[in-house]
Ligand SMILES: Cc1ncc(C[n+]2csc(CCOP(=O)(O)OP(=O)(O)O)c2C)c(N)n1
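Before any questions on how it binds or moves, here is one chain, the form predicted alone, in structure tokens.
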């Protein structure tokens, strides 16, 4: 059913995806918050859709795949590095196929506005063998989401919808119209050879996958996502994603072939287009994937110089590519660097770690800012959850006097995301000098906008949910030395706790717990509402209602 909103709206790409998912009958949205994808599930929930945060992206895709096996349309959201976490599921899901439409959103971050790398997830479509669509603006984000669900069901395959920061967060007009609907209701139908990937079943599944991709390539030749804009024959541009918008702005006279269906490629349509123009330039943000593939097909196309592989494209950079302008680009003056909030409970932690000259194995979260002045108290940061494993690796090989100074620091949401296995490693393969893990629990997923996680005791809509207690988990996994404290308490309790844990030579966990200063008012409000609801329920039960 179409959401009761205006027919014509100004929406971000994320909001457009959420609206399309609601209008196309998606029964479950699941994912892990990560800029620039976070707002999709939040908007989907606000529109009345069933949405939930998973502990991490792998679990989200597993849940989504299970829902799809049950015949439901499902949306799974994550940022580009999240696909790394979900890749184990994704590669095999391409073999198993799907029943209900399954769309995986990969929100890439070229230019690394808020990420540790700028990987180009078009590579994943080719490596895993999954169909990929790439919208260029909010209207296409809406249209392509609906199409992706239908295509997923048509080919019985998961479909990746690749967006980028600019498409996710920029706003443009969206005309709301009905989208393709499913003609079936959730229902489990047993299909063991397709869904149980033992080698005997996986071998024919791989052949089925390649057959589906061949049929998808034929479909792409004339589908609505392969868009031809015929203008001048002197210049032709092949592009996908937001590069299409830059091309239209810089070269309004050029003919453009938009590869909205960007894998598998519609090669015949591309050949026809290249033959129809005197000069053909491939504009793509990120890795030179399209130009490499087209040149391998023997097509005479131009690409971009290597320097434009880095960062986002924009109108000026596209102009330089088209004009073969090799002059230096203007130097962008750095803005004010990010910093931990005044009053943030992470501040005293990093001040103390620096004062104690600790070797700090860090992790992904707003506390990563502990690497910057005035703290400069983080020595490594690789990926979600890596603080524990990297810290343990250092402990195992460093001379004892250095090893005893190593501390792993992880946030509460990140601990739930991928810290549990690191903790298991810590217990199973303890270093000779022991190890200290600090969980900085500020009660929210702060960096991406204060979302919930299994350790907060609240659901995506901030309603009461079962809470995972970190201290209980640590003790249950074999850690006897567990300390909980307020890092901003008066006195030297924090420094004394860290010093004692390091000197003990034992495996130790310190939970430094204090609500995020920005989220604290909201958390109090959520808890008040939950308490009032519990009180009303208790009163109703007492009255025999």
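Numbering follows the first chain given and starts at 1. Keep in mind the model is a prediction, meaning the values are calculated, not measured.
Below, we turn to the form predicted together with the ligand, even though it does not appear here.
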Complete contact of 384, 414 and 442 with the ligand in the predicted bound form (any heavy atom, 4.5 Å): yes
Can you work out whether residue 64 and the ligand are in contact in the predicted bound form, taking contact to mean some heavy atom pair no more than 4.5 Å apart? no
Residue-level question: is residue 79 within 4.5 Å of the ligand in the predicted bound form, judged on heavy atoms? yes
Does at least one non-hydrogen atom of residue 135 fall within 4.5 angstroms of the ligand in the predicted bound form? no
Report yes if any heavy atom of residue 116 sits within 4.5 Å of a heavy atom of the ligand in the predicted bound form; otherwise report no. yes
Only one of these stretches, 445 to 453, 400 to 408, 219 to 227, 252 to 260, has heavy atoms within 4.5 Å of the ligand in the predicted bound form; which one is it? 445 to 453
Which residue, 395, 162, 73, 346, is the contact with the ligand in the predicted bound form, using a 4.5 Å heavy atom cutoff? 346
If you check 290, 359, 94, 364 against the ligand in the predicted bound form, which one has a heavy atom within 4.5 Å? 364
Pick out the residues of 185 to 220 whose heavy atoms come within 4.5 Å of the ligand in the predicted bound form. none
